[in-house]
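The chain below stands alone and is given as structure tokens, in the form predicted alone.
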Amino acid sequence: MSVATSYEFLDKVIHATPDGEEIRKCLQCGTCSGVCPYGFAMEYPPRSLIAALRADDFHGVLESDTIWLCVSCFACASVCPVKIPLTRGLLATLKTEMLVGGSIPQELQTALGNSRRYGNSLGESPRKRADWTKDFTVPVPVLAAHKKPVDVLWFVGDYGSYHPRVQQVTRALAKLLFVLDVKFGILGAEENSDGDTQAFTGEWGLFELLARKNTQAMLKYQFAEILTADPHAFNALKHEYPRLGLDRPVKHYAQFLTEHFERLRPLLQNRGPQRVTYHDPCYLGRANDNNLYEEPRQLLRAIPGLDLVEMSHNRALSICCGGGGGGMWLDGFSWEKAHARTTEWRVKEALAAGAQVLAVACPYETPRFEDAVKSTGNEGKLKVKDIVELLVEAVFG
């Protein structure tokens, strides 16, 4: 149900997160708006939004559609001096109100409709979710057919399952799990979108639907921990799914592989020198208290012949790829409003650091950054590879 006044909306924000009451402590310092990657193009970046609510101008807020530029990167929340949960509380709640009011870009509406109908934002058949395993040299057990306990349930995710470029990363991770003799299995057709990005578009009802389906599917099987290559799935599985009854350890592959580091390291061979820089995904860093900044770098430094260099914005200051919070499905809208792409800024930073390879650790990023390499006219100057692809190259050549 939509709200009518600023005070009713603020009450919703306060109850959206455990620390929601902190919004009353806003100092109007403007740090949040200054660090927002699209703050320059938003009519109501976080500071201005809070000021408008205090002035009881909620009607004016609802008339603007630039909230859809928010990519839920947690940059604003991470720098707030009084720790207001801006991303999870204020901004996601405003998106919910916009959805209820029917103010939603068509690109986003299509992705959410696909998620509800097919269980994935790409609109692919659920029956094809495990098709990436066909004609593949490594055995990938689907748990419904495997009928045995496994140590690791691998949550593959939408882009890892369906996107042709990201499927290459998925197969690379399968090779690493196989060579490390990890007993794993996947859900296949029983898997649905993790729902995290849908939630941060304000569609928490859709998130609940997808998350409950995944929870019911996973609890049918015996496993010790959950593995994923997707930081967004990592975020949802770790922080939201436990309240739905799924209480198992959840690890991004960067954590998992560093735990198996002593077995992995002897397999890595020098395949020639390469200068690599690493892009920190928002949902491995700012969005999570784990702050997974060093594990990916440890894996990269272990590759013989690899020279790791840093971009000017790294770790907690990393610039978002623009895919979170629905941004993955709003490229047309974002370009129309901002005439800028964060992926292009990142490609230029990587080249300025002298990198030959931009390493990533999120399924949204490989295709997004490859498109940015082309759109900036830098084809042949910079390659984009997931960390697991670099590891597989070092192991298998």
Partner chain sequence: MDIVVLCKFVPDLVEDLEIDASTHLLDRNFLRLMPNELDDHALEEALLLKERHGGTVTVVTVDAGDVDEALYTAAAKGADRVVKIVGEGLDQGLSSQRLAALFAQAAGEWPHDLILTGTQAVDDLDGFAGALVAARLGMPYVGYVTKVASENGAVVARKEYPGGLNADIEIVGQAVLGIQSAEKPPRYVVTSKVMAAMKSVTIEEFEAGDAQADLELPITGMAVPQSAAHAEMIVGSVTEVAEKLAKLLRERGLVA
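This structure is a prediction, so every number in the text was calculated from the model and none was measured. Positions refer to the first chain, counted from 1.
Absent from the display: the form predicted in complex with the partner chain. The rest refers to it.
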(request) May I ask you to choose, among Val179, Leu300, Leu112, Val150, the residue with a heavy atom within 4.5 Å of the partner chain in the model of the complex? (result) Leu112
(request) Only one of Pro126, Pro249, Pro81, Gly305 comes within 4.5 Å of the partner chain in the model of the complex by heavy atoms, so just point that one out. (result) Pro126
(request) Answer yes or no: in the model of the complex, does the partner chain come within 4.5 Å of a heavy atom in every one of Leu264, Glu389 and Val395? (result) no
(message) At 4.5 Å between heavy atoms, is Arg116 in contact with the partner chain in the model of the complex?
(response) yes
(message) in the model of the complex, is there a heavy atom of the partner chain that lies within 4.5 Å of any heavy atom of Ala130, even though the partner is absent here?
(response) no
(message) Can you tell me if Gln106 lies within 4.5 angstroms of the partner chain in the model of the complex, counting non-hydrogen atoms only?
(response) yes
(message) At 4.5 Å between heavy atoms, is Ile319 in contact with the partner chain in the model of the complex?
(response) no
(request) Have a look at 267-275, 169-177, 117-125, 182-190 and name the one stretch with heavy atoms inside 4.5 Å of the partner chain in the model of the complex. (result) 117-125
(message) Could you pull out the residues of 185-221 that have any heavy atom within 4.5 Å of the partner chain in the model of the complex?
(response) Glu203, Gly205, Leu206, Leu209
